[in-house]
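Here you get one chain, nothing else, as structure tokens; it is the form predicted alone.
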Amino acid sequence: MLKKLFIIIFSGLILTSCAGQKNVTGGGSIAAGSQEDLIVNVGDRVFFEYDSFEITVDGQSTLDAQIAWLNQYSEVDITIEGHADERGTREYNLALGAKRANTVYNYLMDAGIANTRMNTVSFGKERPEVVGSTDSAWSQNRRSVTTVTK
């Protein structure tokens, strides 16, 4: 039986799809329901404003896509990480990261994702995505990250 192979060239990146798996040139297949699948097809990050744990309109859009993805892959469990930028004390940023993670957790739970599938953790300012003391770095560090755990 001949399987269909689709190749899409987009901005110099070649994506292929065969039998329900995705392939990014230079790498292997991306397994459906994996962390890579979440990152490539949905997005794993929600960004927050300074000193805030309120979900933005862009954040809602990302979380709505995560909800659809989590409903599609009902066997997947996740951990929601809360992060903060470097400003403020360690304790303050751990608390802020926890509030961010819990806000995302509650958004997903309110949409019907079972709480038994989700955990939260706060890293505060301890794991910056971008090192630096600039608005650009800070904005990328104020985030939640959804990670597949099972």
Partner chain sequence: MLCYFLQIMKKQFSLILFAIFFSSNVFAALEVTISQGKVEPTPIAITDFFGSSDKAIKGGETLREIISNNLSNSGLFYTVDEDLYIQSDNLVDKIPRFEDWKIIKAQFLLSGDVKYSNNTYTVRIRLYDVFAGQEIKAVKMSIPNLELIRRLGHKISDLVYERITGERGYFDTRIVYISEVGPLNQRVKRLAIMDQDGHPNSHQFLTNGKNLVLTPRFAPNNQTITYMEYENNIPRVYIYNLKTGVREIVGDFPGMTFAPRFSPDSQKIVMSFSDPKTANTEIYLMDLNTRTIERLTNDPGIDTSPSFSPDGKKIVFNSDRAGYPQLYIMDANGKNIKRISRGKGVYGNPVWSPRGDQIAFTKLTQKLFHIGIMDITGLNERVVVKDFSLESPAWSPNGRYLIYHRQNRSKEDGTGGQTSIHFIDITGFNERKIQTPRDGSDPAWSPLL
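Positions refer to the first chain, counted from 1. As the structure is a prediction and not an experimental result, all values here were calculated from the model.
Not pictured, yet referred to below: the form predicted in complex with the partner chain.
Q | Residue contact check: Arg117 to the partner chain in the model of the complex, 4.5 Å heavy atom | A | Arg117: no contact with the partner chain in the model of the complex.
Q) Would Leu96 sit within 4.5 Å of the partner chain in the model of the complex, counting heavy atoms only? A) It does: once the partner chain is placed as it appears in the model of the complex, Leu96 has a heavy atom within 4.5 Å of it.
Q. Hey, in the model of the complex, does Ser34 get a heavy atom within 4.5 angstroms of the partner chain?
A. Ser34: no contact with the partner chain in the model of the complex.
Q. Quick one: does Asp58 come within 4.5 Å of the partner chain in the model of the complex, counting heavy atoms only?
A. So Asp58 does not count as contacting the partner chain.
Q.
Using a 4.5 Å heavy atom cutoff, which residues in 79 to 97 contact the partner chain in the model of the complex? It's fine if the answer is none.
A. Heavy-atom contacts within 4.5 Å come from Glu86, Arg87, Gly88, Thr89, Arg90, Glu91, Tyr92, Leu94, Ala95, Leu96.
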